[in-house]
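Coming up, as structure tokens: structure 1 and structure 2, two forms of one and the same protein chain.
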Structure 1
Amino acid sequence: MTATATLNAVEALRRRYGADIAGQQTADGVPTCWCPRARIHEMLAYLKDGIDAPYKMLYDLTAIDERMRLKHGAVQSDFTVVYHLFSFERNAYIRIKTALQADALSVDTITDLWPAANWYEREVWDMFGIRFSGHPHLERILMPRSWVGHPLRKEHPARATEMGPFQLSPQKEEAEQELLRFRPEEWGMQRGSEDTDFIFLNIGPQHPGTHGVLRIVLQLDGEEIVDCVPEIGFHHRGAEKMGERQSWHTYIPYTDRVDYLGGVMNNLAYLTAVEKLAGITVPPRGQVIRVMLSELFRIISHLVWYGTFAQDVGQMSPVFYTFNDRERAFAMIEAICGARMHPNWFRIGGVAADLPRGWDGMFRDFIRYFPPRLAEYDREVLRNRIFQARTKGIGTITKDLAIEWGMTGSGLRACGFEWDFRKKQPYSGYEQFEFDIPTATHGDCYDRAVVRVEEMRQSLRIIEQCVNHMPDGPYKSDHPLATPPVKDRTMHDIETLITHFLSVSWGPVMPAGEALGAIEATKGNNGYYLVSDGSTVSYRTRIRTPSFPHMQMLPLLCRGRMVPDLLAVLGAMDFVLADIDR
């Protein structure tokens, strides 16, 4: 969609709402409007269903504690609720904000507009203490129910050293255990119907089928799933809070640990936003190196999913083969970056170092080796009749419903929707590469598997183009905010030496502003929304992960199925708990 069409959305809002709309310029160019609290529901409903080429997806919903901000936006507020919407017809985001004062921290819920808003609003309540009037179940979602305070408020401690030592008395332990007791009535569930009593089955948080610390409570009528409640937060580590106390540069390793199977892919999402704030252009060689390693990590992540998904539905052998191939890929990562799962290798403005001698030979060997392995896995897994019986027709969803719930990535493409942000909104030079967007038609567990397997082949195509056409030149920008700064003139004079020392020790000072960096990550769209007030640290770091909205869909995908189908749905989802909880 053209820039004119994006502008028309703002003009349409101003024509409809007049003086109630205040615009704001941002570093990322995303149209940004402020709306009065009393009209936010009406305005979002118009953007979803009333405007031409509507914004059908609630991409993200978060908040900002503005009380310590040195340079505010267009409107003064104590807290700001921020809505990011996405229109596939326009191929554009829009950012809607509403200002709240500390003595009136409430706004209308939008769960009647987007079902995906349920968890996002619970998270904002949990982290900031902002209430959403009309929300069906406004309870904590990441923190324990007994937690005191709201962690993303500025007065909340950011380090354990700012709090007293933790003590677990027998009385406290008993109280915490009681709070974990599942009470169906709190979730609007009945314990029985006219002719049957329902069973409530607890799965997790320690269960191999949940792929991490996830608790799921199933409401069962015999073996049929009537409903289920996913309980998250066991893996919550405060990654967004950490972003407020780490410099723009030293926060990069923390991103590795969000989707811990995605490696440098996490760095790329974060740095895309940072470089928009700073106005940095990465040189071509740096861009291609980033693409090559990101696509290798896409293959690495998908190999973990492939083997464990087959294991979830009863096959024991494939996981050993896929993990062996993953080790081959990790050997290449280690040779270039010096580390494996968490290489922390991308930098503001490029990458940490140039490629070592012999790098291309390793990649060419892998390019020859991997396609026959994928063909073998197709025979062992995708064509296996038991695997097909366990996955075909299970967890089916339509394209429109997937968009309503915020699904992106392979799951959305499995519904027949040819959408990949690498092609639709190219970043890091992806527009230079030839690759296809794999799709399927049924939107079930099997089709999600088919799409991901083909994505590995397309990633290999991209890697081969990187190897064959790696440009010469610098691997990092010479922009003064790039880190570590270029050292060519460090010893030329004392002023340059001091600047270099400060840039390395304190980190760069980013211009005041805000930016969203969103990429096609291994599990869907991963976005970092960063707010700077002109300091060496981020004022607000928001991480929009794909696994968070995907896990919220679990009840929708499981109702009416059998208990074994739950494991197929979870396996096909391809989630990481740290990607959900952050």
Structure 2
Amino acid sequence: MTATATLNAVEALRRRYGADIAGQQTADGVPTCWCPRARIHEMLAYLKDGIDAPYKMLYDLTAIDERMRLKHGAVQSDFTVVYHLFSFERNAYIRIKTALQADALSVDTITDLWPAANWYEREVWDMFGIRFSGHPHLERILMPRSWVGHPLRKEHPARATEMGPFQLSPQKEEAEQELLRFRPEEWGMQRGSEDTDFIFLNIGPQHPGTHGVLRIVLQLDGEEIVDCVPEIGFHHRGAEKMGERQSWHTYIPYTDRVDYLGGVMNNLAYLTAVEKLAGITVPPRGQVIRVMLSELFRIISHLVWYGTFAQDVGQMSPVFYTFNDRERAFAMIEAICGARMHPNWFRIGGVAADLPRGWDGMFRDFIRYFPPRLAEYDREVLRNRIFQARTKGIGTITKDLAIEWGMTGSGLRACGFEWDFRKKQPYSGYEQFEFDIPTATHGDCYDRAVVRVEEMRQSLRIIEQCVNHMPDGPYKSDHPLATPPVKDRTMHDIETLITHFLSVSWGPVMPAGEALGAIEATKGNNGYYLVSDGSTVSYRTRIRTPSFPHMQMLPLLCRGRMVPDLLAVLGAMDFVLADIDR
């Protein structure tokens, strides 16, 4: 860790750009500063390339509509654009904010610094109506082109009922379809080269290979992909907007549905941020239960990926085997959480209930059962020559490029970069577990697969440690903001009942502040950036999902390859549309 040796980044910025850079205290301790709008590009460029131990990754880029805040911060802003950068050398985030006034909603693009900023800036334009001057294609990304208004603006209604029942007249249908027509010119594409006309092939939004409602427009020369344009937003449900409508407590089930294969892992990412805001420390038993279930969900998610990846390259049976295993894991999840894919089981300050009797037996059975199965899949899938021929050398990316594009998780590790947030920035007590960070060298589809398979073994190792060393004690914090308080006390003690009553109805009152809770989720780094203005609902809920930047890399990974490779790349990417679109 060189973070101690290098200069504090905010300090460095101040030294270089003058004292008008206002710092801000945040609940998560991420260095935060406000930079003048005119110089934002320059300063971000410096942070990326100029500063020592630079911030190479654009972790997230979003905005906040500040106009309805109950408690304003020091800087007067109508709309704030928030840049999160990450430095692997420093192992640290930095948060750069720039204030925009309602009459001048525009800021310079940083797509020239980070290509990954492209989609993020489009999203901010789509959601807030903030322009990025110099952006190559500032177009809506999540909402349909026909949408009126910018949904994450505070005055935009959250509920469809506010807008009346949806009706699709033939004219409207016609118009909507016309808007969906792909025009290569808009994307800077040629319709043909000197000696050939390109085929533009529309894959999705209904296509078995896209794992959901994703549309990819391929520019083909024969079967060779000249370029492609992924189009997302079909799965957009306004999860971030919902965060502004639900109480801190009742938002938990919505997180389940973001990466719907990750189950409780979503709860964990969200609650990590909430607990930072509230200043809650989860008791050891609660932490270990959380880790155990999260790792089980990592296995569950990877099993889905494993089977479907094999199926993407044409192998039919493994998906049935891995789903069987997943079913076994789900049985355990069901026994503990009461539900399967949407467990909604972590709570502010702990988990919903203690583990049921006999839980350890279930886990021990699984720990015995699972490794031979993994070994079998290795033989059936990973070692199969056709499988290797289809995946090796496909979708290759280097570590530097991956960082540039915001890649995290197994994809980044497959480039030979040993980086796991569980190890590097431990949360929920991960520092107490022994496990390895699997890596590979080539950064291709095969390596991603190998890394993920090994991750399942490591997860199992963690689970085994959890089972063997499950601490006693409370499963939930006794902090007043832990919601809801322990139930059996609620049923008899008036003070607990009162706390319960208010926290489940009006909701817990979260201290004003902001926090980023980022975890190593199934598909990469999943971060919840929450802004509280001291109310019972979040003022702004930003969900930074790993799938979003990964999907943005698709053209990069499959340019010059063939159509089947596209599917291999998609399969190896391990994305979930809900995780992209939110």
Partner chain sequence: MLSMIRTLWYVLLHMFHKRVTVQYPEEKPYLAPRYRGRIILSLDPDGGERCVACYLCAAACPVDCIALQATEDATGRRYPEFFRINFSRCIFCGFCEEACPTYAIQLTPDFEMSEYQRPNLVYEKKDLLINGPGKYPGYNFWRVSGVQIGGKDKGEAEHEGRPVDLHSLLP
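If you superpose the two forms and keep the largest set of C-alpha atoms that fall within 1.5 Å, you have the rigid core. This is a predicted model, so every value here is computed, not measured. Numbering for residues begins at 1 and runs along the sequence of structure 1.
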Selected structure - the one that is the form predicted together with the partner chain: 2
Is_shifted K487 between structure 1 and structure 2 (CA, 2 Å cut-off, rigid core): yes
